[in-house]
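This document starts with one chain, in the form predicted on its own, laid out as structure tokens.
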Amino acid sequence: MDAGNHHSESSGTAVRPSIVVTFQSALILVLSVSLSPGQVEAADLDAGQEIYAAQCAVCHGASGRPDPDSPVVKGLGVMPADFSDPLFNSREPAADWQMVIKHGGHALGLAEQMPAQGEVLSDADIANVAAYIKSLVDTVAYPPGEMNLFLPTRTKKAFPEDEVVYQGRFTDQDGDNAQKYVLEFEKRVGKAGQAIVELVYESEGDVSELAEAEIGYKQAISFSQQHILSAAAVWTIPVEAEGDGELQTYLAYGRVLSDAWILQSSLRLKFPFEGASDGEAELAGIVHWVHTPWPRRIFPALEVTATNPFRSRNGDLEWTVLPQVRLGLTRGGHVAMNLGVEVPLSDQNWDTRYYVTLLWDFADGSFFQGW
């Protein structure tokens, strides 16, 4: 999301090398965490295959693809998941599947016909069968669902997905307070890409307008079970706002730090078409506390941003801190809300910003499913 950063007045001087070094060093620090996945105890795929054949194949099919003509499948009234689809198989975290196997489909807002197996299978059995299901199709070219981390308020997200996001922002400032509303549609493209379309509406004083539209593309360029790195380009097109628009490019990074902590960061560059040297660089980062695997919970986070114009002078660097919480609204977490308050840590022309974000991951179900 474009957080509507304040653009400092340009001094007309060249880019200071120290500013470039600052942002480069910060990015290197964020990405310096090892990209190799941590050691995980290997699953017993042979044992998982035996369990799958005995407990799962009757509905999901021996190869992972359910047979719609099977009397059992017809009797269910719903079509079981197709594990042979590499996109579906890759985008679902194995831990979520383990919860569904253990607690049943209803527990995560899925089909009630999926029975709970927690009293029949041990945790090791469940881990083995989930790992075997993951092995049914080659997903090496697809970003794993484990990297579909929580959506931050300002930090750009790395995982390509199918999602609708609506964000409202209220800015308390000297003079007329300002409001901004962003509607974003994100669609998965191919194995690791995502198309982006945004509409931005702004209101300040007597001026209310559909300010701009944004069209972009994001591509995951490196990923594992522990990290993801993506690159994106977004073209901003003025609708009723003045100006010629701008080109935004960014790198977005996400990493699982531990069972309870996840890190995301992004480095975004903005190049106005009226003059690329009048743009700015933005570095953002956020840490979420993931204290439970159940999606319908409250997850606190702390986000920090630093923004600096390319034409820089002393005092232009702007810092903010943005505590926030994610509220999982559905049992599966595919509909959620973010609430946040942004406070400037430097001399800026606004006092406080309040954010409300509603997101719907439509690939995981309808908006009204699983409440």
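Fair warning: this is a prediction, and the values are worked out from it, not measured in the lab. Residues carry their position along the shown sequence, with the first being 1.
There is another form of the same protein, the form predicted in complex with heme C (HEC); it is not shown, and what comes next is about it.
A.B. asks: Would you point out which of 218-226, 263-271, 95-103, 148-156 contains residues with a non-hydrogen atom within 4.5 Å of heme C (HEC) in the predicted bound form?
C.D. replies: Stretch 95-103 is the one.
A.B. asks: I have 76, 83 and 129 flagged as a candidate spot, so tell me whether each of them has a non-hydrogen atom within 4.5 Å of heme C (HEC) in the predicted bound form.
C.D. replies: Yes, all three are in contact.
A.B. asks: Classify residue 56 as contacting or not contacting heme C (HEC) in the predicted bound form by the rule of any non-hydrogen atom within 4.5 angstroms, answering yes or no.
C.D. replies: Yes, contact at 4.5 Å.
A.B. asks: Determine whether any heavy atom of residue 203 comes within 4.5 Å of a heavy atom of heme C (HEC) in the predicted bound form, and answer yes or no.
C.D. replies: No, no contact at 4.5 Å.
A.B. asks: Spell out, yes or no, whether the shortest heavy atom distance between residue 196 and heme C (HEC) in the predicted bound form is within 4.5 Å.
C.D. replies: Residue 196: no, not in contact with heme C (HEC) in the predicted bound form.
A.B. asks: Hey, in the predicted bound form, is residue 111 touching heme C (HEC), heavy atoms inside 4.5 Å?
C.D. replies: Because a heavy atom of residue 111 falls inside 4.5 Å of heme C (HEC) in the predicted bound form, the answer is yes.
A.B. asks: Which of these residues, 192, 284, 133, 182, gets a heavy atom within 4.5 Å of heme C (HEC) in the predicted bound form?
C.D. replies: Filtering the options by heavy-atom distance leaves 133.
A.B. asks: Counting any non-hydrogen atom inside 4.5 Å, which residue from 118, 245, 115, 279 sits next to heme C (HEC) in the predicted bound form?
C.D. replies: None of the others qualify; the residue that does is 115.
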